[in-house]
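The form predicted on its own is given below as one chain in structure tokens.
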Amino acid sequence: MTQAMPRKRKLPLKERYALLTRDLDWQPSYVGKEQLYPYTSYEGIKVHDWDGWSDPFRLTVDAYYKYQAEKDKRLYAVLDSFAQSQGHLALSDASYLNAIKLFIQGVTPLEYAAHRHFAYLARYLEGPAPRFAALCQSVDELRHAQTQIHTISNYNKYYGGFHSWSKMHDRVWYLSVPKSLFDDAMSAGPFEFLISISFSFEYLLTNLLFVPFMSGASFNGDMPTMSFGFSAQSDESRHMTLGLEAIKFLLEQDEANVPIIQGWIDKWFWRAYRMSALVAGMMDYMLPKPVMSWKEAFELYFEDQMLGGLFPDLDFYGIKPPRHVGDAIAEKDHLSHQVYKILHNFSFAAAFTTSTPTEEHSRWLASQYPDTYQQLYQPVWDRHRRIEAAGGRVFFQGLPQLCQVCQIPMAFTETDDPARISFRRSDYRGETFHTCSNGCQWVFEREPEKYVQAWLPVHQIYQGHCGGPTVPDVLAWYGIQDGDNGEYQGSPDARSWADWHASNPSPAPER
């Protein structure tokens, strides 16, 4: 009689997770830890116990891929249905796609850059738990880049400005804003990168981009973009939790880490906030059917959630709200209007088109910004409408001065005087450098040797490094094609949209 084999005990998830992640670590024998992990000490961060890392989401590799595969099935079903039904004709208007052009040019390459650098952290962080967390985020970011490219590629069949987006990310003037932010983060140390991306970038920019803007995509008939946005949002929630865990872990390891981390929070809050200016312009001006203003989103996702909830929790560790946060709050009534005016002025040299807000859109802006819009910004747009009614169009035929840090044209105003351009000057090694705000000046003067090396597009154009001395030379070097840029009204996209809807009129609504 054979004896039955005892049944193996099914391990609980926590124990199974530990066996498949932390217990796969090993002690090096033929090299020292300093050689194996050379980048975890030079920033001054002290870590005494890597096992003190608490994993916010305990997902093993097999569970992680099954979970992501289910989300991909749902997403690609939406993409197939949208493409087969000519869903692009059901958008609110073709002008909406200018926001999506900005997205694939400015945001999607950042997803891929994050994938690359989290893979680097997955190799060089000393503890097995944070290495595994970085590995999962690296795969997340790669998936985000891929799903965004697949989703938006459908529009490339019908509309201009979607081609050559990765080339443009490296070359075009307004795209140096997001590119410089990630170059700054990737050239920092591993712990600063964690704070810059997993904390400041994810908490501030991701919340504002992947929730209210994706709701705007849905409201404007763009179901694929809404689907990939919300498909990514569950990952972004994990990334934000990872960033918060990284901060708490480092703060609990040694008191000497507190001032270092406070400095990083101060710096990266402002860097991420300045880049969010592009999102502000997209939300308020590029959605034909706006759903939430930049001001409302900023108050909800930053002031209420971060200042009202997150930073009071971090006060226990000695962390204060970011430096210059008051300046950001003071700008919320102005930011989107000022940045869109920059884009409107210079869209002849961009890979998207712009247009003056309609009277209906202007009324919506006035309702969202009752203290500033009618007094300061509506008269400007009214003047543009009069010029355009007479057959003209205003483009600024010059090159603007750029901020040395955020690389946005110097068009923001003083927080206490909307009639005066904010302009800061710093001297370093006998040279003068200009920044757009107290925040950017502080960032520059904290690490001047880093920012004096900035690749500023205007400077590069004047030096002849961008294809040639004329505007057509520069646009050709950018990869911009006929129909990609300029004024939306009368553009190839606008004409195609009108022709398609004239030949396929929408059915009259039932009475």
Partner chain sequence: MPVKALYEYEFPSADRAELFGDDQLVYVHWDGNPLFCSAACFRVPQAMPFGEFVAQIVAPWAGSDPDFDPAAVRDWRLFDEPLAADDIRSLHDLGIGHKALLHFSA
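A quick note: this is a predicted structure, and the numbers were derived from the prediction, not measured. Residue numbers count along the first chain shown, from 1.
Below, we refer to the form predicted together with the partner chain, which is not included among the displayed structures.
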Answer key, the partner chain contact in the predicted complex at 4.5 Å (heavy atoms) among K157, H163, R425, K167: the residue is R425
Only hit among D482, E447, D62, D49 for heavy atom within 4.5 Å of the partner chain in the predicted complex is E447
Looking at 482 to 490, 27 to 35, 41 to 49, 466 to 474, which one sits within 4.5 Å of the partner chain in the predicted complex if you count heavy atoms only? 41 to 49
Heavy atom to heavy atom, is I342 within 4.5 Å of the partner chain in the predicted complex? yes
Is F249 close to the partner chain in the predicted complex, meaning a heavy atom pair under 4.5 Å apart or at it? no
Counting only non-hydrogen atoms and a 4.5 angstroms cut-off, does P288 reach the partner chain in the predicted complex? no
Touches the partner chain in the predicted complex: S180 (any heavy atom, 4.5 Å): no
Looking in the predicted complex, the residues of 260 to 274 with a heavy atom no more than 4.5 Å from the partner chain, listed in order, are I260
